[in-house]
Structures are given as structure tokens and as C-alpha cells.
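Next up: just one chain, as C-alpha cells, the form predicted on its own.
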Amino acid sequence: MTHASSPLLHADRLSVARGDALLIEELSFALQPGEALHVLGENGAGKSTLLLALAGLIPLASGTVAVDRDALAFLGHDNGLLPDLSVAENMALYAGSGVVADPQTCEALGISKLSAKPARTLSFGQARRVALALTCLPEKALWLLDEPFAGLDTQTAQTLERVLAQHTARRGAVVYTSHERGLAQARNLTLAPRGDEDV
């Protein structure tokens, strides 16, 4: 007899406001191990706001999010690198707080070629690669990624697709926003815009 696995993420009647605007209203979904969810929508629909809410970084207007915060890795728009430190120094700083990038992911994303460069000299795509290496940690079951493909060239984007697919194959789960690309196996969640603000 097989037992259904518990969802890694469960949103129940989730509503989120920004200022006076209710961007997300009564949204419910569950994400099982091995699943990917592609959040779609026009600018202002609340894609980034949804990820921030799921990560527990902004308050909910109503509803609940059930998730193991210790199993969660989040990447927002900011790549989170200190500009005056080299890539290697930034990664050592993260390692000091317990965030150790996976060597296979670093190799796949070509991080060693960037290690001596000061973070301020990186292109956005290069900085994104470093941030992804620090976020896409195999030991974290749930990855929340806001525009992970932004700034990546085609080859690196294809590499990232493989990294995400490998994570779901290991029974991890991914929630991501992207205008550029989508994983073939991902479910789509489309948010409708409720205002003019780009969030």
C-alpha cells in the first residue's frame, strides 16, 4: 500500500495586499515533492509579491501558508552580493552563515571562472549565476525563484533548466516566475493583474 506524500507547500485562501491594493485574493494550491510551478502573469499581477508571501517575507492579508521554512531557499530580484567583495569572498561569507553552494551546481553554472572578480564588476547575468548557485541547494527541498532566468544567455538558461529538473527528480519542488522560459514539466499558475503597479 502506498501513501500519498505530504505537500511541501500548501497555500489556503491566500490573500496579499500591497499598500491599499489587494494583489492576490483567495488563492489556494498545493505543491507536492517532485513538482514545479511556473507563476505567470502580466506586470502588476503580483508574481513577486506571491513569492515573498510564500517565503514569509511579507505579511498575509488573510489565509495561510504551510511550509517548512528550514527546507526553503528563496531568490528575489536582488542577487544579494556585496559589491566590494570578490565572488569567492561572497561565497565564503555565505558559507560562514551555513549557506554552502553545491559544487556540481557551481560547476554547471561556471562559477569558478568568476571567483576572483569583484561582484561590482559582474554583469547582471553573471551575478545571477552566483546568486543561483547560492540558492539552488540540494538540501533545501523547496526553491522559490523570482525570475531566475533573467540576464542568462541561452546556454546558461538551458543549464539552469537541467538544474531545476534534477531537483524535481530528487523529489524537491520549485516555484518560479519567468517571462523568458518555462520547464516542460511545470504546472502553470496565472495571476490576473489587479492594478497598474509593477510588482
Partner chain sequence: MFSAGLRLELRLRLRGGLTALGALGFLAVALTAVGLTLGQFPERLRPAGPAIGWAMIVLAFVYANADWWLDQIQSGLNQRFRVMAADAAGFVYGRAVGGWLASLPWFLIAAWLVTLFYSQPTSAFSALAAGLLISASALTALSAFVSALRTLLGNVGVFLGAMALPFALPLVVLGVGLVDSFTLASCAFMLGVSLLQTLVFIVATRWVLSLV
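Positions refer to the first chain, counted from 1. Predicted model, so just to flag it, every value in this text is computed and none were measured.
What comes next is about the form predicted in complex with the partner chain, which is not displayed.
Of the residues given (A30, L137, L40, A150), L137 alone sits with a heavy atom within 4.5 Å of the partner chain in the model of the complex. Proximity to the partner chain in the model of the complex, taken as a non-hydrogen atom within 4.5 angstroms, holds for one residue of A141, V67, A45, L52, which is L52. The partner chain in the model of the complex comes within 4.5 Å of no heavy atom belonging to V163. When the partner chain is considered in the model of the complex, G96 lines it closely, a heavy atom lying within 4.5 Å. Not displayed here, the partner chain is kept clear of A36 by more than 4.5 Å at the level of heavy atoms in the model of the complex. At the 4.5 Å threshold, heavy atoms of Q126 stay clear of the partner chain in the model of the complex, well away from it. Segments offered: 163-171, 150-158, 22-30, 54-62. Contacting the partner chain in the model of the complex at heavy atom distances within 4.5 Å is 54-62.
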